[in-house]
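Shown here is one chain on its own, the form predicted alone, set out as structure tokens.
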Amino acid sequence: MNQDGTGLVTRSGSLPSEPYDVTVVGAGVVGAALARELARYRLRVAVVESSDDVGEGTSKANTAILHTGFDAVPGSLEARLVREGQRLLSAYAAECGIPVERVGALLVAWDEEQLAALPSLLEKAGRNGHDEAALLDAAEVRAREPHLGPGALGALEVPGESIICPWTTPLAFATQAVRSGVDLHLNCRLTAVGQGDAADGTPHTLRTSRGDVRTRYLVNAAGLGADTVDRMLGHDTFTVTPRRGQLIVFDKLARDLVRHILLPVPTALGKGVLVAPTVYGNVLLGPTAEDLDDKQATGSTAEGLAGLREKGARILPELLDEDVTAVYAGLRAATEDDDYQIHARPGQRYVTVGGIRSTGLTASMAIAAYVTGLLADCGLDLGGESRELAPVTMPNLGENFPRPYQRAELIAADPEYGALVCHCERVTRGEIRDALASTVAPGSLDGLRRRTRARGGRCQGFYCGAAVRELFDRRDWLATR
């Protein structure tokens, strides 16, 4: 922590020698939310992350849905935390400018078996506290989604489902945490844990690729690596099976084809292939659900994309006539259990946060509060009442909210906000400057894209790539602006 009370953001060099009160392994959306929650207490907190940015793993490549939890297993920990997390994150997003659109969802039945399953899903939604859900007949479905493919027999309508920016969310958590004193150590891969002694207060020693970190309490929020970290502490409770989800992103001209999140009836492998608008103005088709052995296998495949197009042709046929902007794949941390794997080990001053799948974005803030309570149960002295953190205002990446290039008063005060660099996504020099000078600045061009949308449009950087790279590489221009 710096003398002014702000935390450190490091990507190289030595690590502080003084022990931390709590160290979180992993800076995905859950780890970043934990860091922010712990920053509310008088604690010395660190996050260690193997990649060069926050939200670099599963968190950056999901379907970007703010779930209601209507279809979670009633009474499960996931159901409870998703319900609470949706409330917390909705309020937090409004407070700090994370774009959210409440578009609602339709769970569409395409055959008699799926249609027969809808009443039980409605009953499950009610048990999860979502009384707004309702059954629709074929005509009502068609009225709500006129471009839907032929053969839809009915649907379950869930008005509360929303779309959200998955990139800004972990960045907002991390920014607020660092400004409140949390140290964020990137490019810092955990390789082993030397366990301390709770009896005499000896801290754990975390062996990392950048040296040792000492900490009294440890939280494992390592996502795909959560089972590996758990085994470092001597536990064999669960195994993470990477479940690849490939997705296709269609051009903004496709946006008028869909009004809701279009969901299939779920299977044991997940929620299935959906069609959904994004806050960036595009349309998503996906994901696949492929259980793999390789935790690095984030590439797309011809077979996977062909399967998505086949399913998309039934759901929204006209979508396939639209241009594809991008394809990507993410890995979900599936386990052998249907519920979250959150376990406290008081004797080790250790908490595992594993098996957090697609609902982790929604549940992140509730998970953070729950785990903080578990740490207190393990003996962590939180140092009194929690404090309110200074608010943060994040750059808006949402298409349905004012962007800098549209704001005449902003451009008049600073012409850099009128100087377009990325024309596809309407990203200005001012936005790139702000991102490069931000509290948690990007460490790569991909990180810059997640902060600004630069290079994320239909040309995928063909026209603006050189200019964006020059601004990223030549940081000295920041000092003159």
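When you see a residue number, it is the position in the sequence shown, counting from 1. Small disclaimer: the values here were computed from a predicted structure and weren't measured.
Absent from the display: the form predicted together with a small molecule. The rest refers to it.
- At a distance of at most 4.5 angstroms from the small molecule in the predicted bound form, all three residues Val30, Asn62 and Gly225 contribute at least one non-hydrogen atom.
- The shortest heavy atom separation between Glu49 and the small molecule in the predicted bound form is within 4.5 Å.
- In the predicted bound form, none of the heavy atoms of Arg255 sits within 4.5 Å of a heavy atom of the small molecule.
- Of the heavy atoms in Arg179, none are within 4.5 Å of the small molecule in the predicted bound form.
- Using a 4.5 Å cutoff between non-hydrogen atoms, Arg332 counts as a contact of the small molecule in the predicted bound form.
- None of Gly245, Pro404, Gly398, Gly196 but one reaches within 4.5 angstroms of the small molecule in the predicted bound form through a heavy atom, and that residue is Gly245.
- A heavy atom within 4.5 Å of the small molecule in the predicted bound form is found for exactly one of Thr205, Ser358, Gln348, Thr237: Ser358.
- Comment: 349-357 is the region of 349-357, 297-305, 118-126, 312-320 lying near the small molecule in the predicted bound form, near meaning a non-hydrogen atom within 4.5 Å.
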